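Provided below as structure tokens are two forms of one protein chain, presented individually as structure 1 and structure 2.
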Structure 1
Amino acid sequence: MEADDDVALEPMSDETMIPNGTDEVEDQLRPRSGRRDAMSGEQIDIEAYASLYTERTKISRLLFIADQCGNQSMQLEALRMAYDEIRKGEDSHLYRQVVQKIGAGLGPNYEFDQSWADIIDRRAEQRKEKLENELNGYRTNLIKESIRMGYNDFGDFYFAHGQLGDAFKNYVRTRDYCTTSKHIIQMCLNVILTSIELGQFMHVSNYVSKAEQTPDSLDPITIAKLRCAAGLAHLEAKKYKLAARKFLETSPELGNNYSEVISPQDVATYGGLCALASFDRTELKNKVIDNVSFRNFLELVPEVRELINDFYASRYASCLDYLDNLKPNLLLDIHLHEHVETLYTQIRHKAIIQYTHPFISVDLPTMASAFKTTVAGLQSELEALITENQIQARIDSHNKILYARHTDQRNSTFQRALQTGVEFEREVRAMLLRANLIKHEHNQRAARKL
């Protein structure tokens, strides 16, 4: 019962904060702007980065950085923090893995602590037995609410011990015993959290929509959480436009309330980059730059805000500069790293298209300097875009000028009409032929029957 009350109370206490307005939320977030240095610097400040997250995602993110950074001291730093974090929890399996990774790199304080692991394992054994007994008791008595709690406790237990698959199963099992929409929301959030850790984003989007379908109106923080989860799911499915929409809809009430999954800084980065890669100019203006609530997020990561503004104001060189600076750190992000290259290419293509759009002719050397590339490199990029019909223009490679191409409507209409005529004629002929063949076959079959 106790555990349930805790969970139930949490949103309530948050709700009371909302009337104080967004300022407070911002105040709450500002002191943590250590991320600012982390984002712009050559190297990510792991300490500041890790402080944005709690629970399991903190550990997974640290481990991910350790795997990806390829820098000895940074790797050990990340592992050290992960080690400390794990010691606070109860996942002895993960503990063994991390200790193995650290090896002898961090001195005697970070070697394998057999007694700790044993204590944890023994305690887990006892707790599991207790939970099992309790659950069996509830099930024989058929008290719905208690069974739900029992499964929920099991889910929490497995989650804490890193058995995510089992945790997922138990959380899903509570579904049959949910009686109020509050329970359903709780179940959904648990499942979403576990699925994100498992990397199964199909479940995430499923359960987000389930949570959104509950009849009672949700409190703003839950809505924000669900938006973030949905955004992550779309991001993983490479649906950048949808992901951008979800992140942009996230209200600033999110604050640090979802630090077990995502930080508000991440919302700004993910949302900003996805929006740049997939939105057109007006959408970018209306939904990102003029979006008051999203501005709160963007304030947290000024680089992203600046690069979006630069992009919109056509200052591509500085925009691309910001992007290049961000890149090494984004590659260390557990969710974004896979998509960085795709998003970057898309943003670059967008920038090139947008640059050429208003002109009848563009001087290639000038454009190349705007994009910090060589004329030859730009030419091949343009060539690819023209071939994909994203830019209607042709290159005068002799004088290094790009000319916009305006198709003659009259001529192209004539051409299309004639083409359609020819195709129609051919199709009809072929159809008549086929009809005759079918008729013949039909006749033959009829003759055989007779």
Structure 2
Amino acid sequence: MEADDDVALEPMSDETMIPNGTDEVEDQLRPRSGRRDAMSGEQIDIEAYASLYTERTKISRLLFIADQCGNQSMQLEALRMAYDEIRKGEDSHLYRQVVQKIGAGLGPNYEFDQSWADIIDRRAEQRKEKLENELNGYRTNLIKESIRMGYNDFGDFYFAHGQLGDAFKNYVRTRDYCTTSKHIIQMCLNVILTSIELGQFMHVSNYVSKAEQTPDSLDPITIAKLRCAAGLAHLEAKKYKLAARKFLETSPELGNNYSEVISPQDVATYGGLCALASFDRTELKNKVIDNVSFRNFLELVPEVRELINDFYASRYASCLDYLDNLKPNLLLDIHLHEHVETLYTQIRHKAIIQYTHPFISVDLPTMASAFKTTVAGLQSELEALITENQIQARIDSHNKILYARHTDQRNSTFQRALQTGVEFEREVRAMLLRANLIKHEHNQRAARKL
């Protein structure tokens, strides 16, 4: 069970936690978990999916799909789109890595272009030298705003060239030169974006909290961005209830304004699944189904909207169908993939508990049919839930019936009456003791002796 209240995080040492150098690119190309074959269902439309994102996250997501999909044609399509996107930017090292992964799979048009890489590298050296000279001049003149902008330009430069550790350090250095609330917000958003790309979600939480401490400069779009960033940090930490709350609090003003991190469809999917896994029925109704703002996100992903409604209406077969259909694509999501199994298990267990709650007895074959499993498989799930004390019941293995264990009301009443009597007797004794002490002036006598 997750904690109900968000906890403020203490700032960490910013520059010591971040790796630096070209290894960051290899980390992005490397799968974040064990390889899974996620192609058992309908294939994801890579072009439509990639169009939801911009900047580095678009490339990172395409490379992640290429690593995880287990389908050669789909892998080459993702690599082709990543190649085209990289050519629009300035990260020559990432370009070399992707070309190596493509090999000869896409023909001569996607072979290594040495002249392009040389031009990018030469331009980067010239740009870096210019930025260093400008920053040194600003330091000499002690112009605070110019120094802030110089570090910010350096952060943008390193981010564009894939040197995320250096980008993070330069964005953090602007903190000492921020003179207005807007400067602080800009610094926080830059650090949050870089930290998400680095996978350093503790820094994300810290800088979301820092940005929220300047509410006078927060417009609705910035607030929505901070909610999404906080939601991703809680999701990464497996705090699904807190993650659900943050995504549910995201306002529709977000739109496509945070496409460098997340899409509105992701907000609906992440928020909906986390809510199903962690909310009770009342919370699900009040905070999800009746949430007018979040409904705008759910309309973008009808499958998630319908499975939430089916779950609340106890249409479990239909709900599980939607989940099964969504699963292959969710396993290709760069942020959600490692949480899919846990979330699905929690949602299924909640459905089983909800199904059994109103009944004195349940026919296991009928229930197994509703949950699309075998009687033996269902019995194992029920045994685990009974052992964990999540279901108060016992199983008749011979007749395949689940019997609810109802509390003996008569016995419970007697036990409560006896407990009340014991507490009353203890309180009366304490009152009599105090009365006798006062009567015999015990406190005054003790004071006189002193």
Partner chain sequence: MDSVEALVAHIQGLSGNPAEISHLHSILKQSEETLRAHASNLAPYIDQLQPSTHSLGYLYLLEAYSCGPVPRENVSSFHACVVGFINSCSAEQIRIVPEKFISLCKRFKDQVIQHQLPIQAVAPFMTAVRKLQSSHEQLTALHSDYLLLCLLSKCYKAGTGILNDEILEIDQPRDFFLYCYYGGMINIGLKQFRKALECFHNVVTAPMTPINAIAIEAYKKYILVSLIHQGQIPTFPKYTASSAQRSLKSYAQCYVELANCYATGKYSELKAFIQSNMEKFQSDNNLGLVKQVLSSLYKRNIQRLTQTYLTLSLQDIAKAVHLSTSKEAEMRVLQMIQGGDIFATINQKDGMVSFHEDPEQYKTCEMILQIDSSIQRLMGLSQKLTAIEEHISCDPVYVTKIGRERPRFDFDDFDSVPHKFL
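Between two forms, the rigid core is the largest collection of C-alphas that superpose within 1.5 Å. If you're wondering where the values come from, they're calculated on a predicted model, not measured in any experiment. FYI, numbering is relative to structure 1, first residue = 1.
Trainee: Quick check on the two chains I just loaded: which one is the form predicted alone, 1 or 2?
Mentor: Note: form predicted alone is structure 2; the other is not.
Trainee: Align on the rigid core first; then say whether the Cα of Glu383 has moved by at least 2 Å between the two structures.
Mentor: No; that C-alpha moves by less than 2 Å between the two structures.
Trainee: By the 2 angstroms cut-off, has the C-alpha of Asp67 moved between the two structures once the rigid core is superposed?
Mentor: For Asp67, whose C-alpha is compared between the two structures after core superposition, the shift is less than 2 Å.
Trainee: With both forms fitted on the core, check whether the Cα of Gln392 differs by 2 Å or more between the two structures.
Mentor: Comparing the forms between the two structures, which are aligned on their rigid core, Gln392 does not shift its C-alpha by 2 Å or more.
Trainee: Report, to one decimal in Å, how far the Cα of Thr420 moves between the two structures once the rigid core is superposed.
Mentor: In the core superposition between the two structures, the C-alpha of Thr420 moves 15.4 Å.
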